[in-house]
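Presented as structure tokens, the chain that follows is alone, the form predicted alone.
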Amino acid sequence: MQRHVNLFEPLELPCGAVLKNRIAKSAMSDSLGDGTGHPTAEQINLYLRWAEGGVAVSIVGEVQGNPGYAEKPGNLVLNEMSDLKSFRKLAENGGSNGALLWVQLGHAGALSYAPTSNPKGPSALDVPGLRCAEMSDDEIHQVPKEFARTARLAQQAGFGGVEVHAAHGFLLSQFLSPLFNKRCDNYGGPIQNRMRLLLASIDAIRAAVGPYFPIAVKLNSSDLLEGGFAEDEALQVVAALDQSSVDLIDISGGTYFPGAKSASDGSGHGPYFIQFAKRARKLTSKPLMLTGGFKTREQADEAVTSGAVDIVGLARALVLEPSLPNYWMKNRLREPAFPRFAEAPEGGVTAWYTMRLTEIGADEEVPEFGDLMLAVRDYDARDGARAEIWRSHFGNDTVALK
């Protein structure tokens, strides 16, 4: 008979690492790097705030090994050219109060930020809103090696683990998705071929970091778009991950392919992908994390106590209240107040939450919700300024300068 666990019980991962509770700060593109790929003081303070707020683990989104394929010019870049001093400070602060801080291994591929790169993906695409070249065989073969090097550097800098990003339309997700992947070689066609690069990356990372360092994978349950990566194929990937050395499968969904809706559109109330998680639970004994749609403690409690998942991933809820886990543990606050924006422009809500992260990192957040359009303008202006810094700093290390 299955024993019911609660939200504040520890979780031991297969590698032996222990999470102090079942609440994670999911990976977000916080866009708080300094433009040279290094953490800022605000970013270091942001992850300290989350650690002090009671999360078991925080995940730094989109940490690049190759500056030529970044998602944004505020991404971190961790490679042999990086100054590890600031990364060690980030790891120390984000790993305080018994928390772990993990690095999400990023490569934007076809979605690379055009002002600082020449986007490349599994296949050449030229559709409205997306244009990219095709990766060569040699470029594909370099991907697992790059991920492994970044993971090893993260371990040396004192981070508590890594997450392989195979969701939301970034590179490994692109290989999984028929929307992006039109290849006819060993990396295209049936799902067994399309997951080949993901599995090779996991093997390379494990060889680099050893058996006791946590490796998670963020996986789409679905692209939420006709013709894309779908649930039945995602379940086949879950079954393959069950036979791998990963320690946690982080389930999410949705892609940035043109025309795709966001997970928050039309998904109803509550966790977006809970039904998929229940299907995945039957195929793997690996710990499962579910990200997307958690807004109340009741929802988080139900997901864990039901056995559907082992840990819940919170993102926007922790932007609104960085100390939410502590409040929940003390039964002082059951849910944060989410803002509602009428007629938000595309990407506007993301920009608002991103600028809110900046306020938290600077200890300047206020209870009132700030102006949406002002946040969008500030967000775009900061990207533009950091793109100039990025091009100046990385020079020929970027794939193409524009």
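The numbering used is simple: start at 1 and walk along the sequence shown. Since we're looking at a predicted model, the values are computed, not measured.
The same protein also exists as the form predicted in complex with a small molecule; that form is not shown, yet it is the one meant from here on.
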Please check if residue 26 has a heavy atom lying within 4.5 Å of any heavy atom of the small molecule in the predicted complex.
-> yes
is_contact(residue 354, the small molecule) in the predicted complex, heavy atom dist at most 4.5 Å = yes
Close approach of residue 107 to the small molecule in the predicted complex, 4.5 Å, heavy atom | no
Just to confirm, residue 256 within 4.5 Å of the small molecule in the predicted complex by heavy atoms?
-> yes
Quick one: from 73, 325, 313, 169, grab the residue that has a heavy atom within 4.5 Å of the small molecule in the predicted complex.
-> 313
Check all three, 43, 96 and 160, heavy atom within 4.5 Å of the small molecule in the predicted complex = no
Partner contact check in the predicted complex: of 222 to 230, 124 to 132, 285 to 293, 300 to 308, the stretch with a heavy atom within 4.5 Å of the small molecule is 285 to 293
